[in-house]
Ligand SMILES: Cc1ncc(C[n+]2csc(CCOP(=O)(O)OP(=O)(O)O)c2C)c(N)n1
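To begin, one chain is listed below as structure tokens, in the form predicted alone.
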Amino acid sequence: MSESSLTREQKIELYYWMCLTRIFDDMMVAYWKQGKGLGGTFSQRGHEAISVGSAYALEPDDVVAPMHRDLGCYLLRGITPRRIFANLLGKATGVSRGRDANLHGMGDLNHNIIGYISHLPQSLPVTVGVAMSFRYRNEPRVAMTYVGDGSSSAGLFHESLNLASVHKAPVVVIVENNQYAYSTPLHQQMNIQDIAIRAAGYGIPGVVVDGNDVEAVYAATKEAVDRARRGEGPTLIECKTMRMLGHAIHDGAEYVPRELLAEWEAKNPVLRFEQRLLAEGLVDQAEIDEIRQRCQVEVADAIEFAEQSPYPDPETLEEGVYAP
């Protein structure tokens, strides 16, 4: 699958989802800086091309387990901005019905989304299990999940990949290499340049891709998804990017060199794709402005909906709680 296989309409659709993700993220961060947020806030800035490009490669029946920096995936798979912002404010109309004021736990199996399981890579063995169930039932479906660079050094990461490889589970694992595991830089985490080479230890393909290029992410993921659907097993995709803000809103990330941030800001995935679309003559500035305006209206509507939504009724506290 080459990048050129995307039609003009598909490329514009990718831009729309990235734009919506960026504007939603900007407003989410601004909201919390005003002291209006309830839970933790994890900015997506710099990760838009990864979450959108990879999720775009899936079919509706496939299952995905996003993490806390994959807002674009949640949106693209069908969870509305209204429900997500209401979730962030702990409102009854949110995805978790006010049980969680965060991007954590935003699962909705109606959209084939498994809620994020903190810490990383706890979602990985669950996703491998889902993929193995598809194989046992001979269903042509694929499961995909995301982990960070730091979690690729955890034992569970390696155990899961080994099991997935042995059983040829139809699973795609995206490593979002954003250079920092909280405050620990990559060179203090591991003695390798490319995390993707770890795939060789399990006999599966390992692919390195520019994580700020949405078409490149889509192309790599589509190839991996097609491979998994053919029964050829898992693929590990390392998307190199940069976390442009702190681990969460409370973290000023003073430990990150300003020069490094400036270097990656020049690779801004949303602006970069916008400039490519304009350069290729696929859109004009008026169309870009119309998409941005549409996204701003959607996010403003989501915020108003969330603010006006009620908090959960205390009488419902025990609903949705399960005990063994």
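Source: prediction; values computed, not measured. When you see a residue number, it is the position in the sequence shown, counting from 1.
This protein has a second form, the form predicted in complex with the named molecule, left out of what is shown; the following refers to that one.
With the named molecule omitted here, the record of contacts in the predicted complex names 149-157 of 132-140, 149-157, 222-230, 82-90, defined by a heavy atom within 4.5 Å. Comment: the named molecule is not present in this chain, but in the predicted complex one of Asn110, Gln188, Ser118, Gln193 has a heavy atom within 4.5 Å of it, namely Ser118. Ala181 is the sole member of Ala181, Ile114, Val207, Ala253 with a non-hydrogen atom within 4.5 Å of the named molecule in the predicted complex. Interface residue remark: Lys168 is not counted as part of the site for the named molecule in the predicted complex, having no heavy atom within 4.5 Å.
Using a 4.5 angstroms threshold between heavy atoms, Met67 counts as touching the named molecule in the predicted complex.
The closest non-hydrogen atom of His247 lies within 4.5 Å of the named molecule in the predicted complex.
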